[in-house]
Ligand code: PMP
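Below sits a lone chain in structure tokens, taken as the form predicted on its own.
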């Protein structure tokens, strides 16, 4: 907090497309999509229109025991767009809660089918699923959650594969090692394992760590073999980030639970969804005295404003995909990223998939990492801010996650100014 308080405050007053303006009139390109949520740009006229229309009808009514047209339609649409086995949707208000719901449903399901011993969760190395206690327990993010380990429930983790990609060219190592480790855990814990939780394709908060094509299919096969639920955390990668609406849809995977948030409402309002199967749903059916019901809810579950915006956002993202525009944008983004990192010194790694990319920075000799208080990633992002570009670092890695509607000239602006910011900071440190 001492560092945070030392940095000049930046107050954002308005936005238009991929751009934001502060209260003194400075303009910035939103290079992290307002923490990965803003899919369609700021102040989108279509999203504004449906939001204003819904405000004129009703802004909030509980979804506990009631329903409303926007929520019912959003649930139906999500089921239509997701893999065929997912037939039910539960709403909440953020990604952490979407994960909590999936975990609780999995635990309660195993109780209801008389396998209460199945309560162990397995996640991938570096996994991040949110900051509530269930989500922390399912993850393996020491930097975010290590100090709370004593309060978390028991879980196991397996190593991730080593995968790199730039502009569609993929290299992958240790894939078999990763899958064999998971198989070993599930074999040893076959009676206790309840669910495997994973961020498919890209582990965003871990530093855009990638999985190769086919990895998720093999992981799903292991889950089926050992009778373990598969929970896919598509909070980051869902809603178009990788070029498809959902990763599971693109890879023909049928998870037991699919968790969505962030881009679902294009960053306008908080909403999340946990989709599950009819098999899971039917286990909870029974008379009131059976106690089978799922007791979980939030005040703003299925908020009509958020649901209405999410419906419009999904249609617009589908339009970007079906028209080929998103694919073209990703192709241009990949080429521009490759040009930007060409010739850059102090780079130990660079990865790009869809409209997400990362540059890992190291000292010039490459022998020792940066000292903790060097704060190189932060310095680069502050230097980029001076050049009209907003980014957020992850320690010494620079994450680039723009809105899906970014134009080619804006991509050029983004990478030109990022490269200049990196070179300026490296020169300042004389490395």
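All figures in this text were calculated on a predicted structure; none of them were measured in a lab. Numbering follows the first chain given and starts at 1.
Keep in mind that the form predicted in complex with the named molecule is missing from the display, and what follows is about it.
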Heavy atom of each of 123, 156 and 229 within 4.5 Å of the named molecule in the predicted bound form
no
Does the named molecule come within 4.5 Å of any heavy atom of residue 109 in the predicted bound form?
no
Using the partner position in the predicted bound form, report whether residue 353 sits within 4.5 Å of the named molecule, counting heavy atoms only.
no
Would residue 256 count as touching the named molecule in the predicted bound form under a 4.5 Å heavy atom rule?
no
Would residue 161 count as a contact of the named molecule in the predicted bound form, using a 4.5 angstroms cut-off between non-hydrogen atoms?
no
Residue within 4.5 Å of the named molecule in the predicted bound form by heavy atom, from 302, 267, 240, 130, is 130
Could you tell me which one of 246, 91, 337, 236 places a heavy atom within 4.5 Å of the named molecule in the predicted bound form?
236
Looking at 109 to 117, 197 to 205, 323 to 331, 162 to 170, which lies within 4.5 angstroms of the named molecule in the predicted bound form, counting heavy atoms?
197 to 205
Residues of 73 to 107 having any heavy atom within 4.5 Å of the named molecule in the predicted bound form, listed in sequence order:
94, 95, 96
